[in-house]
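Take a look at this single chain, the form predicted on its own, given in structure tokens.
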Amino acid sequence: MWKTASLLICFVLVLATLGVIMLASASAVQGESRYDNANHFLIRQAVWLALAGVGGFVAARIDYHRLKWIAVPLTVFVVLLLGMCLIPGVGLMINGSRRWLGLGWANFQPSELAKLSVVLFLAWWVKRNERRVTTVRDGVVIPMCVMGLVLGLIFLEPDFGTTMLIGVVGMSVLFLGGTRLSYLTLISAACLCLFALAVAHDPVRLRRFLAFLHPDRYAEREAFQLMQGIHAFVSGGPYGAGLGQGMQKQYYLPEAHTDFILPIIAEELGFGASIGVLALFLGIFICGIAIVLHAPDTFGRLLAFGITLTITLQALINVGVVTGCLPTKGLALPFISYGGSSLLMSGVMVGVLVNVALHAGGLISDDDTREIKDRLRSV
């Protein structure tokens, strides 16, 4: 498990390093035009990266069993934050969505915290009701009500991509925990029908879906970013134009430093770099599954599985979006795209995953965690 944890950390560090390098290249033009500082986004991302490192280190050193104590309070806190996002004058309206809360020097996206809180709550709930999780009440009704409340608030922002991501991860955690597949299948079918109905009645999302089906017809508007992203993949070729030499970031590809940063990587570093990014996320997935298989208890196993699936599935969705395999969604590429909330929570989740691995290998004992807590109190 020590080797697995070390490999996991190495994969994450390589992705974060690549993210900083490519962000410096992809965001320079936007930073210069908006803030008269080509390094504006880079500096802010570096601060968030430092916070993510601290958060990940703390999460890796504190016994993950202690997280059971905050499962319910954290979920309640997330619900309050998500509710605040929907209040005019409190939540920030950006690009037609209320997903952020202003912190003065930065904006925070509560839905990023919701990804961890839902996994933590479900892992705690299944462990607490391990013998009754096959029943309708304890395996479906209660966990689904809690998860539905969180997803409903995220859906209203609106943020369809994060809603679907957390929903899939939550269903998977419940399935691994023992909830009957027949119950989950029926609920999933009902949710997909409601989701499709909501998309059909939302003009913006409907046009995005139609643009996904017929990108050539919507190439000048809804599919413009997708077409430019695909052009970046093509123009990069096998070896790329060279770091900093890409053209798509020159206002051809809107917000190239956020969700569509992978096409910039392909354009400047080549097809091999894109495959390398996919290989790194595959490595994270393999390490995560190894930790799941060796987790010392049900809570650790479900927690590790939920975190692993959250990170890698989000990456897979992002890759699917920028390559035209999925409709456009506002999901960042973990550890690489610009976004402080995403980077911070991804770092914390990796720290929790490492903590489970260290306990699985017997490398952290209860005495160690007590000593760490004493040190934190003294600080």
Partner chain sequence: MSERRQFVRLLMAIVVVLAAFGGLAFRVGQLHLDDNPELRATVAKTRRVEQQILVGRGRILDRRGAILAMDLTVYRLNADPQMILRDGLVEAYASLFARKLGLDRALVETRLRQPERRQVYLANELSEDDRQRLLELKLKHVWLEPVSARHYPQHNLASHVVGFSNTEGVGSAGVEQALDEVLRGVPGVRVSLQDGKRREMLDRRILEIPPQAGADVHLTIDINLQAMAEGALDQAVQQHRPLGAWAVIQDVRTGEILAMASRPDFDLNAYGRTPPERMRNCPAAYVHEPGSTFKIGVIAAGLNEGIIRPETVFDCENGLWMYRNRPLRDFHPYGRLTVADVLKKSSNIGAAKIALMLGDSRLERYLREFGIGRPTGVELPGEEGGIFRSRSQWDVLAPTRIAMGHSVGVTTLQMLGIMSAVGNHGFLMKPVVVKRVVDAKGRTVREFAPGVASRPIREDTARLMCALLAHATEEGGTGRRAAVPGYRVAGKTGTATKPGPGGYDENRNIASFVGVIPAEDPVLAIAVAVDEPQPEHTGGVVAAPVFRQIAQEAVRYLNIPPSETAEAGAPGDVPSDGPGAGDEEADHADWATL
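Everything numeric in this text was worked out from a predicted model, so none of it was measured. Positions refer to the first chain, counted from 1.
Quick note: we don't show the form predicted together with its partner chain, though the next part is all about it.
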| item | value |
| --- | --- |
| In the predicted bound form, segment of 116-124, 227-235, 102-110, 157-165 with a heavy atom within 4.5 Å of its partner chain | 227-235 |
| Leu74 within 4.5 Å of its partner chain in the predicted bound form, heavy atoms | no |
| 4.5 angstroms heavy atom contact with its partner chain in the predicted bound form for Phe285 | yes |
| Interface membership of Arg301, its partner chain in the predicted bound form, 4.5 Å heavy atom rule | yes |
| Interface membership of Phe209, its partner chain in the predicted bound form, 4.5 Å heavy atom rule | no |
| Three-residue site Ser27, Pro88 and Ser97 fully in contact with its partner chain in the predicted bound form at 4.5 Å by heavy atom | no |
| Partner-contacting position among Leu181, Val136, Cys193, Leu80 - heavy atom within 4.5 Å of its partner chain in the predicted bound form | Leu181 |
| Residue (of Val292, Val140, Leu153, Val146) lying close to its partner chain in the predicted bound form, criterion heavy atoms within 4.5 Å | Val292 |
| Stretch 238-276 - residues with a heavy atom within 4.5 Å of its partner chain in the predicted bound form | Pro238, Gly244, Gln245, Gly246, Met247, Gln248, Gln250, Tyr251, Tyr252, Ala266, Glu267, Gly270, Phe271, Ser274, Ile275 |
